[in-house]
Structures are given as structure tokens and as C-alpha cells.
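Listed next as C-alpha cells is one chain, alone, in the form predicted on its own.
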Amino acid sequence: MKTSLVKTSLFALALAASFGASASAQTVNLRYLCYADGNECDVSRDLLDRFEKANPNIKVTVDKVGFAVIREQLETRLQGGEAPDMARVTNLGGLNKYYLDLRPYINAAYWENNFATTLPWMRVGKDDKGIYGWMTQLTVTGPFVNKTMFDQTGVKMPGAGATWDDWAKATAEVQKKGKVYAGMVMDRTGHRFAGVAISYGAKYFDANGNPSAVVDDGFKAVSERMVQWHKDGLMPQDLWPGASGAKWKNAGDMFINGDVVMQIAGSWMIQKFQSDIGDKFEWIVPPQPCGPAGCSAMPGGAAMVGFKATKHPAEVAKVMEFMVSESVLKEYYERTVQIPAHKGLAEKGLNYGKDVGPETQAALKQFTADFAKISPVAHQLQSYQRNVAIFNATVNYVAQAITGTLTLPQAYAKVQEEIDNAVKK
């Protein structure tokens, strides 16, 4: 009898151990590499906690990293076979060859209907119909203005339809009267430059859709202004001349600290300005300044994508489907204070809540209005696979023209040469 009990107990323990091992083996662990401008990764973590509760066999680790890791290291990791299962990326078309096509696992019609504008940003070529991810952040470039400085100096603020030259003149006047360090500053990236250039007529692509003559009259018009604005002291030496190569630099801290009248950045800075500026001064987002060819911003943003190197494509797709479900996505956009990239939510509108101040509400409204005015050229540039090469060449060589290392004609030649070399690869 005793021997029988022992055998029964051992069998029960073996069965339990076997069951436990089986359950453990069935648990899928995914990694999501995430950077944040504000609270995007934290909100994602909170929502994924709910996903895990509903799907106990799938665990998602959110690896929160700085933007430089995404911008400068992720592609190297992908090339080296060290891909996470998912990541939040901004080089949308440039990383296309690493993406997981989600279509076999998702309701593709829902995605096509609600993300029709932005799905092409992650595709390459007209034959690419893949669905690779969704926009966690839909952004619009544009200026932020320190309204308090205008009020204190008595300078009249330019209104709707004002040109970039009008704004340069007005901010220079505020800078002088208010003894401000700088009048205008542009984030150190060719992406911000492009919106202004397109407003001055830059086409970026030839009739065949190739960037064979990027340096046209519109591109030159803004390059000349950038050189002159730095020479005049309107723009500071800290940003474009203050780094080498294509190094990206954000001018947000200058604006927050009251060192500049206007920062040319974009809608992703709204949440940071609300929290970091507080009631130190009043800031606004004016209507997009114009050039002779229009008043275009550059679209952009960050997408959550899956990678085809994952061992668990179905589970990755399940996470994606959960995140883009309308109720979850509505909460995500509202809590992260984003412009919705989902057609249905954009039509219904979002409620950003009482914690979002009137300045932020007004800024979101203005950027949403500016999105509708974006030039087709800007959309084409945003969806171009090698747009990073264009942006990097721009900032690298225009900056050298600003410092005097190159003349503008020399810089123009270098810009096109670098783009041509990138296209050949």
C-alpha cells in the first residue's frame, strides 16, 4: 500500500512538472523597442498590461530607449540579426526590408480603411501592398512662438498668410527689443528644412520620381536664407553650426528656457512644452508660414512595426491588432496627446481631457488644420525610401555653408552628389 502511494505521488508530481513545463513552453515572450518624446512608452506599457491579462500566454517586454538608439543603432542591430520583435521607428520607408507583413494575421480591410494615408509611408514601390505597422504618432512640422515676448516688446505678431520672411523680420525685432539670445531656431535636421523649402517651390523629385535634381531654386532660396539668418545673428550658432556631419539636434530646451522667440519644430513637442514651460510664459502655434509656392509643413511621425526576423509573427500581429482596436487606440492617442492617424477616430474627434491646457488644445487644432494643407511633394518625400539620405545631405552641407567651410555652390554640389551615391546603393 505504501509503495502504491509513493508511486501515485511521484506520478502526480511528474504530471504537474510536465504540465508546468508545457505551460511555460507555450508562453511567448516578445520585445518592443520603444523611444518616447513624452509618455508614449509608459502608456503603451499600461495598455499592454491589459493585453497580457487577456492573453496570458503572451508577454511583452517594453525596452525603453533614447531616440538616438532608434535613429543611429537600430538598423545596425537589424543587419546583425539582433532584431527585437517590434519597435517604434521614424525611418519608415528606410527599414522596409526588415518589416513583417502583417496581412496573413490581421483584418487587413480595417487597416486599409483607417490608415490609408500612412500605410504607404512604410512601403517601397508601387507594387508593395504590405501592412507593416501603425502610426503611434502623426506629426506636422511648424513653428512655436513665445507670445509673451511679443506682448512685452509690443511687436505686432504676423497673422495668417504671413511669409517666413515676415516672421524673420518680426522675430528679429522682438529679439532686439527684448534682448533675447536668438530670434528663430530650427531643429538641426533636413526634415524641418524641407517643409520650408517646399513652400519656396522645392520639388525634390523629377518627373520619374527620382531625386535627381534636389537642389533647385526653392532649395536654394531657403539655403540662402539659412546662411543669411545665421550671419545676421537671428539664428544661433548652437544648432546648425554647432555640430558636425548630419548630427541631429533638437532646439526645444532653448525655447523652454526663453532663449529664442520662435522654434521651428513640430507637433511632437506639444506635450513636453505643456509640462516643462507650465506658466512661465504663453506660447502659441501660429498658422503655418508661407512661401511663394504655398504654406506646407512636412508630415511625419513614428510607427510601431513588427520585424520579419521574429519567431512569433502571429503573436506580434495579435499585439498590433489589440493596439489599433478603436477603443484602445482612442485612449492611446488621448493620453499621449497625439493627432490621430486613424480615419475613424479623426472623424469622431478625441477628448484630450481636463489636464490638457488651452495652449495645447489650440496647438493641436492648428497642427491638425496645417496637415490638410501639406503639399503632395511633402507626402512624396516623407514616403520616399531614401529620404534620410536627402535629409542628412541637406543638414551636413548647408551647415558647412553656414560656417563658411563651403561656399553655397560647393554645398549644393555636395548635397546632390551624396544623394546620388545613396540612390545607387
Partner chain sequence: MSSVAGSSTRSRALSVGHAAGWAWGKLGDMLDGPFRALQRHIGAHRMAYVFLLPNILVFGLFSFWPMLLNFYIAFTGGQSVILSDRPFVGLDNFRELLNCPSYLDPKTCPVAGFSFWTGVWNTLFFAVVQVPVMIVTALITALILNREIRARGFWRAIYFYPVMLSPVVIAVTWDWVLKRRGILNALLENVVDGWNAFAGTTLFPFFLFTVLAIALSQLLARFSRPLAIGAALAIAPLVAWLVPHEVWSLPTYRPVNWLIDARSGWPTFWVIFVYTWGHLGFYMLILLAGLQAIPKDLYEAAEMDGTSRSRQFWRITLPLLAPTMIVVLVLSLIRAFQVFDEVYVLTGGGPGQATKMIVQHIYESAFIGDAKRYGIAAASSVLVAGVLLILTLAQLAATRKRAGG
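Note that the structure is predicted; figures quoted are calculated from it, not measured. Residue numbers count along the first chain shown, from 1.
One more form of this protein, predicted together with the partner chain, exists but is not displayed; see below.
- In the predicted complex, the partner chain sits beyond 4.5 Å of every heavy atom of residue 105.
- Although the partner is absent here, residue 238 sits close enough that one of its heavy atoms falls within 4.5 Å of the partner chain in the predicted complex.
- Using a 4.5 angstroms limit between non-hydrogen atoms, residue 318 is distant from the partner chain in the predicted complex.
- Under a 4.5 angstroms non-hydrogen atom cutoff, the partner chain in the predicted complex lacks residue 225 among its neighbouring residues.
- Across the options 337-345, 294-302, 214-222, 67-75, residues that bring heavy atoms within 4.5 Å of the partner chain in the predicted complex belong to 67-75.
- The candidate spot formed by 209, 250 and 382 is out of contact with the partner chain in the predicted complex: none of the three has a heavy atom within 4.5 Å.
- When the partner chain is considered in the predicted complex, only one residue from 152, 325, 244, 351 comes within 4.5 Å through any heavy atom, namely 244.
- Proximity to the partner chain in the predicted complex, defined as a heavy atom within 4.5 Å, singles out one entry of 35, 367, 32, 397, which is 397.
- In the predicted complex, the residues of 381-395 lying within 4.5 Å of the partner chain by at least one heavy atom are, in order, 385, 386, 388, 389, 392.
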